[in-house]
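Quick setup: one chain, the form predicted on its own, written in structure tokens, and binding and motion questions come after.
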């Protein structure tokens, strides 16, 4: 639910190993930048570390995988304590929801089980706004810093935009516009959601993974500059190509001091909310002079790869299954895809179309934990979901279906 809405969702559990069962989800949320409020019940202080049941050490139990931890006071029915609780709730929500988004943990020690008196009037109270208001802004660079980005591209004629998982609709539209204006191809990861987009265009190269799988092409395709938005793409051939070619200019755009750059090549990190930077680049008067032969190479090979990938659709394979899904998927729906081969099949066979479809996956830690549950959570927001999953991931989490 949090992945789909990009707003914090609360997880509530009892004490002990119940909280430990959340660990894989917390790790995934941290690396995927998903906002979560993890509310863990706990035993009171006098029953800790002395053999009492359902009592383990829950203090900062998720370590560095939460953005914030706070041990709540033992509840008291006083106005001061209610204000304290509301302040912590507001603070935790804001921290979880502010870039880079992620999980926070509040630990609640209770002397007795928390049993509300449902006969009380106005039991839950009411509020029209947050108890503590937070006014925040988006990280962005100024005009002179944006000019530095353009200066790096002077004399570089063979370049690409690379787009991994990107949540901002504004950023997607600005990137599609910039690619068209600069005439620079976009190597669009399937999680970029630029392939199935109302404004997708000919500059979106959906088959780049298939193209770069050809070793001869990969070894001889010299690139001058790469500008990447979003997380690292799924494609292994892209990783092999970029680390071997070592472009003259390699720029990674990330917000709030994020550092998602595993290639270990010389890189310029630009810390800015992507939409803000893209808007500045779109408004700039100077444009890089792109080699037209370079652009034509990507156009022609994208067309050839598409023709090859769509052959033999009568034969049932993983590829033809994804092609059928790509052609028939409903507007305004979600494809939730598991890791290992399913995400790679989708990256290869999920082709461009002028429709609004969102592809989602748990790519933070690339694990098999909770994939069925995650897809069900997206569906719980009222969105039609198609789950594409491998057998091991399915067996790991199939019991989630018991709670449908």
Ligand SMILES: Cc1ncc(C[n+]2csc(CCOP(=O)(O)OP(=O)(O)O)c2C)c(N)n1
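All figures in this text were calculated on a predicted structure; none of them were measured in a lab. Residue numbers count along the first chain shown, from 1.
One more form of this protein exists, namely the form predicted in complex with the ligand; it is left out here, but the text below deals with it.
Visitor: So in the predicted bound form, does residue 348 come within 4.5 Å of the ligand, heavy atom to heavy atom?
Guide: Looking in the predicted bound form, residue contacts with the ligand do not include residue 348, since no heavy atom lies within 4.5 Å.
Visitor: Is residue 393 close enough to touch the ligand in the predicted bound form, meaning at least one heavy atom pair within 4.5 Å?
Guide: Yes, residue 393 is a contact residue.
Visitor: Taking the ligand as it sits in the predicted bound form, is residue 373 in contact with it (heavy atom to heavy atom, 4.5 Å or less)?
Guide: Heavy-atom contact with the ligand at 4.5 Å: absent for residue 373.
Visitor: I'd like to check something about residue 352: if you look in the predicted bound form, is any of its heavy atoms closer than or equal to 4.5 Å to a heavy atom of the ligand?
Guide: Residue 352 lies outside the contact set for the ligand.
Visitor: Quick one: find which of 53-61, 27-35, 40-48, 335-343 has residues within 4.5 Å of the ligand in the predicted bound form by heavy atom distance.
Guide: In the other structure, the partner sits against 335-343.
Visitor: Pull the contact list for 367-385: residues with a heavy atom within 4.5 Å of the ligand in the predicted bound form, in sequence order.
Guide: Heavy-atom contacts within 4.5 Å come from 367, 368, 369.
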